[in-house]
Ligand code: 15L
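Consider the single chain below, provided in structure tokens and representing the form predicted alone.
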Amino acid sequence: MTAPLATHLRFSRILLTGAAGNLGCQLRPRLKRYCDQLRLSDRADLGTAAEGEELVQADLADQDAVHGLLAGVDVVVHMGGVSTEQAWGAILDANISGLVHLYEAARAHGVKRIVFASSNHVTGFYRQDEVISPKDPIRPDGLYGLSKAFGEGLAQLYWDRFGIETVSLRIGSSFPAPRDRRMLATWLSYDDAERLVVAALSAPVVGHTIVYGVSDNPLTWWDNTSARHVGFRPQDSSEVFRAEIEQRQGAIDSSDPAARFQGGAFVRTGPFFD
């Protein structure tokens, strides 16, 4: 893990939801550098609180619990919710109802900025031979991607009506290293994920901004020019992994929809309504 970013950013209390998830676990020690108290929330067990941590086990579907979660919070880094294609009921509870609960609680408690973990699957049905920007129309690759598109729409509504700023992060593939040839384009290192979140928290004015969460990969499908005002400057690259991945994976089956569309395997995941 890298040293803290060169920033004077400091909050009294940051709320990190989804703190037991993949990125939540990575952000947990990193975000503590930027606040006096870090409130951590998840449905899952969060272990033992370290110095400066507050642990709250809560379900996003529980409106009262979410309301209490936002009390005394300066900003929210919302990584909570369903992060894969699942049956509609689970997505509805966490990513639709749960997000409404979060924004309503933020409005009630006067929280003025949210960093929202959206997803690249909002635009998963664009082809891999296309380069798109946050300004292009959505093309979700499933119910999960559709729920994240709803989240972006909700963020826009709460900015327009209530002045709550949001940076919606269309996160690519955040792992220690890319796992396949698709991830050569979508990979977001953990250090760049920190840089992205800190930029989203510290940019002076964001309104509602959408930005793709991706490292400085030579192969890319996403153009973040329209979000440069956020100040995210990735420093890592998937290029160091390219030779090993191409040798291991070999030829691509162009008849496979997962090899044609940016959403990868998500474009053929289903059924939706089990």
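All residue numbers are counted from 1 along the displayed sequence. These numbers come from a predicted model, not from an experiment.
Only in words, not in the display: the form predicted in complex with this ligand, which the text now covers.
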*Quick one: which of 119-127, 89-97, 152-160, 196-204 gets within 4.5 Å of this ligand in the model of the complex, going by heavy atoms?*
119-127
*asked:* Considering non-hydrogen atoms and a 4.5 Å limit, which listed residue (Met183, Val73, Leu146, Ile132) is close to this ligand in the model of the complex?
replied: Met183
*asked:* Contact with this ligand in the model of the complex for Phe266, defined as at least one heavy atom pair within 4.5 Å: yes or no?
replied: yes
*Quick one: does Gly80 come within 4.5 Å of this ligand in the model of the complex, counting heavy atoms only?*
no
*Stretch 141-173: residues contacting this ligand in the model of the complex, 4.5 Å heavy atom cut-off*: Tyr144, Gly172, Ser173
